[in-house]
Every structure is written in structure tokens, then in C-alpha cells.
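Take a look at this single chain in C-alpha cells; it is the form predicted alone.
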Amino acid sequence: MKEIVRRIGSKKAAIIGTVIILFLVLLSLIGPSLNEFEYDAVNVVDQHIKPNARYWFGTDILGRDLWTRVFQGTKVSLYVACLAVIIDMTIGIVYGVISGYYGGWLDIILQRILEIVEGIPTVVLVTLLMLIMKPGLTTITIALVFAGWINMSRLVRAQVLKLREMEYVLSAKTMGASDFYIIFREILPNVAGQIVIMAMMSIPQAIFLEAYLSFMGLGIPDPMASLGSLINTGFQSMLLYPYMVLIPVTVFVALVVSFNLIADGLRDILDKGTEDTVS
């Protein structure tokens, strides 16, 4: 970790991405409270007002303040995506470790289950869940979890299959170390870098999927807001009031690109560390 912190200073793109993410997180926390408006406050007198001194981002079709709604939506999108990724990591790590470490018939059964789940198109699975369950944060988080843990489990399994044959793992087994000790002290620390990179790459994917569901009308219900629902609402009035879609799209793109920059930077750093270790 010390080496990663030292080397990350040379990755300007990753630093820029981190600064943007921190800035947007800060705005999502304090932005809605910087003016007098609530995110769900309707004012039919002030419909479709362009950005001005009072309404910094303008208003939507119901006269609701877009500044408040955009950063309230940013908070919701980040919360849903990060929560889904944390759950994905937990499920994927446990599933991948069990499958890769113990192998044999257990690995065969777990991989056949994985193939069945993976064979179901993500959009179909998520749409069915959204239709069966009541729309809301909990429902969309569960839908994102169903779609996201498979890649994490495959990554962890592949790394565990390789590491379990390493000399230091075999030495620990010879000395009588328990499976729990070997997994958590010998294997997982050496997979942590790949897990972090996968998690950072999964966050923009989760944000995009949440935005897609909201854009299709299957996500966060009104009057709650997410970036996807705001883009959907703005898209309907894009020709007359382009600011309604351009503003949330800009925030959405900034989030996705910034997380990708951070993930790419971490991947380069860890790859460099691996090369140095080998040399």
C-alpha cells in the first residue's frame, strides 16, 4: 500500500479522476443544502426556467430546482452503485475463493451454477426483478447485485487456482495451517490488488446500469431523483430545453470517466509493481 501511494503521484490522470470524484461527492453531500429549494418541491409558476442567479441549473417541467435534484440524484446514484459493488465483492470473493481453493466436484458444481446465471441476459434478469418487486432503492440495488458479482467471482477463482499451488501456500499447509488462515493470510492479500481494480471498474458499470434502468423507467421512482431519471426527464424536453439533459449528462460522464481513470491508474501501478517484483 505504501508503494501504491508513492507511485500514484506519477499518474496524473488518476489524480485528476480522484479530484473530480471527491469534488462531486462533496457536492452531492452539501450541494442540495446550498440553496432554499428541496429536491421534491414543485413550483408550477417557475416551470422551464433556464439557469439564472436564483436557479443555478434552471428548473424542470414541474418547476423543481435542477441544482438540488442533480446533486441529490448524484448522491443516490453513487450510493446505489457503491453499495451494489460492495455486495458484489463480498459474494464474488466468497464464491470465487470456495470454488478455486477447494476445487474438485465442488468447483464443478459452482461453475455450472455460474454458467446458468451468466446465461440469463442481464437486461432481462434486471427487468424481471424490477417488474416483480416494488420500485425503490432496495429493489434496484438487488437488481444490480444480480448482474455484477459474476465477473468478481471469476477473477478471484482464477487467482486462487494459481496461488494455491505456490510454494509459500504449500509450505503453510505442510506446517498444519488451517484453510481459514491460508485463505485470509496467504492468498487474499495477494489478490487484493486485482480485487480493488475490479471494484473500481465495477462502480462506473453499476452507475451506468442504474442510469439505464432509470432512463427506461424501471429505476428510482418519482419524486426521488437519480442521474438516470434526470436524464430521462430531460431527454423528453431536449429540443426545447437542452440544459435539462446536458447538465445531468455532464455529471454522469464526469463520474464514469473519473472512476475509469482511477481504475486504469491503479492497474498500471500494480502491473509495474509486479514487473519490479519479477525483475
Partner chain sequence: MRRYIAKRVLVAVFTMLIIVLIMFLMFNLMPGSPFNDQHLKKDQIDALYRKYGLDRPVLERYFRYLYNLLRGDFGVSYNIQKNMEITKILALRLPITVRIGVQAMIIGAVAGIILGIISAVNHGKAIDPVVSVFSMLGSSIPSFVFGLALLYFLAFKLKLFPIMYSMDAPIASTILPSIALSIFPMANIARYARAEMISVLDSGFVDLAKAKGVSKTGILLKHVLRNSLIPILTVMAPMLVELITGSLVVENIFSIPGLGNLFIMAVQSNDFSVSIAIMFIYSTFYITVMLIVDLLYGIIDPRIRISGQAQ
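These numbers were taken from a predicted model, which means no experiment stands behind them. Residue numbers count along the first chain shown, from 1.
Here the subject shifts to the form predicted together with its partner chain, a form of this protein not shown in this document.
In the model of the complex, no residue of the candidate spot (Ile93, Ile109 and Ala192) has a heavy atom lying within 4.5 Å of its partner chain. A single residue from the set Ser171, Ser178, Thr127, Thr138 has any heavy atom within 4.5 angstroms of its partner chain in the model of the complex; that residue is Thr127.
Of the heavy atoms in Asp268, none are within 4.5 Å of its partner chain in the model of the complex. For Phe208, a non-hydrogen atom is located within 4.5 Å of its partner chain in the model of the complex, even though that partner is not displayed. Under a 4.5 angstroms non-hydrogen atom cutoff, its partner chain in the model of the complex has Val257 among its neighbouring residues. Not displayed here, its partner chain is kept clear of Ile30 by more than 4.5 Å at the level of heavy atoms in the model of the complex. Shown here without its partner chain, the chain has Met238, Leu239, Pro242, Val245, Val249, Phe252, Val253 in 238-255 lying with a heavy atom within 4.5 Å of that partner in the model of the complex.
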